[in-house]
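Only one chain is given next, in structure tokens, and it is the form predicted alone.
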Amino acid sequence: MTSTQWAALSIILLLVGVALGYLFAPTTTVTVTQTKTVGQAGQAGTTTVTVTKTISPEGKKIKAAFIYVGPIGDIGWTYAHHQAKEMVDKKYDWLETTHVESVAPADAAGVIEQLISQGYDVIFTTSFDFMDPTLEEAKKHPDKIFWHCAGYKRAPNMGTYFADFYQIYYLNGLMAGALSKTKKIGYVAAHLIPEVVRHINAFALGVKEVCADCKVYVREIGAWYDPTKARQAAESLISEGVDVLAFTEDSPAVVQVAQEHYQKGERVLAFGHYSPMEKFGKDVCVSGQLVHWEKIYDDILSKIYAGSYSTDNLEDVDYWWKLKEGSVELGCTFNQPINPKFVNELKSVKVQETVQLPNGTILENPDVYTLVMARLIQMGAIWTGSKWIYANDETFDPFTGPIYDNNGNLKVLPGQRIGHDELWSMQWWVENVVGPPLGG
């Protein structure tokens, strides 16, 4: 084995030991993840801390309701939430769940009222657009527990949670920059809210690291789920010379468009989104981002059942789980970070930089495949070749300066790492993005 392979093996063995330690931890111990406000007046920021508590299960049955913004068959965001809900429901006999799909933001409050009248005491709302009505309903029903996905407003009986993809979008960007022949990479965006802007920028940072003169062209379609508009945007980008596509839209339309062009003899590649999409583009889907909402739902509901979470202690609870927590995964199908069809091509592209692994191993001018795997380790996720192992350590973050916006302004100082609040309010493009004007 080479020194690099020995180093990787040593990391894996170490992390297996850590994982076994967690596996055999006392069942009466739970870890509460909280976001606290820190800093002096005028310098507020947030930091995620963990608090370990010992609890005794109350033994009561929990009735939890999930409100979805899209249809459960969208193969994207809502599908992933629903699959996770079903997994947790089947796991616990003390849990009863229901769901309401395709709810417009204007109707959210009414749906919440209906669910409460039916006896549901835990409400999950799974869209940024549901934030304000969820908060208002939480204030009206202080005896119920509410959880809002993708937002930032909380109350004593309302927590927030999110499985963030920005690290994985960055990894996909590394691969996109290596695989593009035209140096034009397209992005189909549902809405340009800070979450989506953050993900596009992370993707573009990855692209730039491998291909300094590549550009990322953004098209906004104004809908979370609209396969027709997604298809039209993808075709428009391809007509302008784009040969690699990524997207935030809850159907496999963009991947299907790329596969159709491949079948006509045109090289157009794509990255999946939220759910396994390789089956829609087996010849073109390089990788993508996959979510494990079930890890977050399991953690939340178990702590409610145990009595650790209640109607008066959620105001500082904010799940922001990423690679190291195992809530997200690299790939366009589970347990396959990169489509094998593209591995050799990625190995043929070298990047002129030095990468240091957490154990001190130095990689000089790695190929893109090796760089992707190294960055995974640096961000707390190790792919062993057959399974994932996670570490509570992040020695690298894509949003580390210097970073310039697309107007030439220095937005992140050299060595500075953007924090939670800056990422969650992001409304500016990094320098290699060509997109609609933003508010920031």
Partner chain sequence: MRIRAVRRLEVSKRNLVTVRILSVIVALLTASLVFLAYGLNPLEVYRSIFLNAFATEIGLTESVVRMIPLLLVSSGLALVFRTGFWNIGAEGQLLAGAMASYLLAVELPELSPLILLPALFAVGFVAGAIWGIPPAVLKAKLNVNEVISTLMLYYVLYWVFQHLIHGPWKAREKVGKLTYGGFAHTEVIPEHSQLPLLPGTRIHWPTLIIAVVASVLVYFLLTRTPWGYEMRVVGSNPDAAKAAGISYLKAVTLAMMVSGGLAGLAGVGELCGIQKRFTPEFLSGYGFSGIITAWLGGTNPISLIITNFLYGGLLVGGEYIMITYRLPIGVVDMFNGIILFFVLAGEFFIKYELRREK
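If you're wondering where the values come from, they're calculated on a predicted model, not measured in any experiment. Numbering follows the first chain given and starts at 1.
In what follows, reference is made to the form predicted in complex with its partner chain, a form of this protein that is not presented.
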| property | result |
| --- | --- |
| Partner contact for Lys144 in the model of the complex: its partner chain, 4.5 angstroms, heavy atom | no |
| 4.5 angstroms heavy atom contact with its partner chain in the model of the complex for Lys153 | yes |
| Residue contact check: Glu113 to its partner chain in the model of the complex, 4.5 Å heavy atom | yes |
| is_contact(Asp129, its partner chain) in the model of the complex, heavy atom dist at most 4.5 Å | yes |
| Options 296-304, 357-365, 172-180, 134-142; stretch whose heavy atom lies within 4.5 Å of its partner chain in the model of the complex | 134-142 |
| Complete contact of Lys322, Gly401 and Asn407 with its partner chain in the model of the complex (any heavy atom, 4.5 Å) | no |
| Listed residue that, although its partner chain is not shown, lies within 4.5 Å of it in the model of the complex (heavy atoms), from Ser310, Gln118, Gln352, Ser348 | Gln118 |
| Contacting member of Ser327, Asn157, Thr97, Asn339, with respect to its partner chain in the model of the complex [4.5 Å, heavy atom] | Thr97 |
| Residues from 185-220 in contact with its partner chain (non-hydrogen atom within 4.5 Å) in the model of the complex | His191, Leu192, Ile193, Pro194 |
